[in-house]
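Before any questions on how it binds or moves, here is one chain, the form predicted on its own, in structure tokens.
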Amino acid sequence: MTTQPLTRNQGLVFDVLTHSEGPLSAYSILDKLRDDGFRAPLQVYRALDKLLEFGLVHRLESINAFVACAHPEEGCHAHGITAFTICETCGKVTEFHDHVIEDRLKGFAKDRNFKTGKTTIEIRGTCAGCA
């Protein structure tokens, strides 16, 4: 996690994501923060960019939405590969880390002389509550 304090906008965006029942798009975040003075998507995107950099939030590429990190006290940069299950019925997202999967993927890339950047795994399906 970053050692510098969050700006007002970063704090507001992080708070919305932390208290959300599920992932939110940038426009959904904007709608929730209009009463706090947010007027333009750029305000949300700037805050999200920094929160992503700090490892406090994640972007779920497959649904173009954001979630708060499950363990912001550590920051997700410490974990390497981040994985998510995404329920297509209720939208519930669960973040997890698996060192066996991480080691296998790192080995796969190394064997092919492939230098990895960011690796995120998104598993879509149905959660136990909706099955």
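The numbering used is simple: start at 1 and walk along the sequence shown. Quick caveat, the model's predicted, so the values are computed rather than measured.
Keep in mind that the form predicted in complex with a further copy of the same chain is missing from the display, and what follows is about it.
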Only one of Cys87, Leu30, Leu56, Ala65 has a non-hydrogen atom within 4.5 angstroms of a further copy of the same chain in the predicted complex; which is it?
Cys87
Would a further copy of the same chain in the predicted complex be within 4.5 angstroms of a non-hydrogen atom of every residue among Asp36, Tyr45 and Pro72?
no
Flag Leu6 as yes or no: does it have a non-hydrogen atom within 4.5 angstroms of any non-hydrogen atom of a further copy of the same chain in the predicted complex?
no
Is there a heavy atom of Leu52 lying 4.5 Å or less from a heavy atom of a further copy of the same chain in the predicted complex?
no
Would you please decide whether Val100 lies within 4.5 angstroms of a further copy of the same chain in the predicted complex, comparing each non-hydrogen atom pair?
yes
Does Glu122 make contact with a further copy of the same chain in the predicted complex, using a 4.5 Å heavy atom cut-off?
yes
Residues within stretch 103-130 having a non-hydrogen atom within 4.5 Å of a further copy of the same chain in the predicted complex
Arg104, Leu105, Phe108, Arg112, Asn113, Phe114, Lys115, Thr116, Gly117, Lys118, Thr119, Thr120, Ile121, Glu122, Ile123, Arg124, Gly125, Thr126, Cys127, Ala128
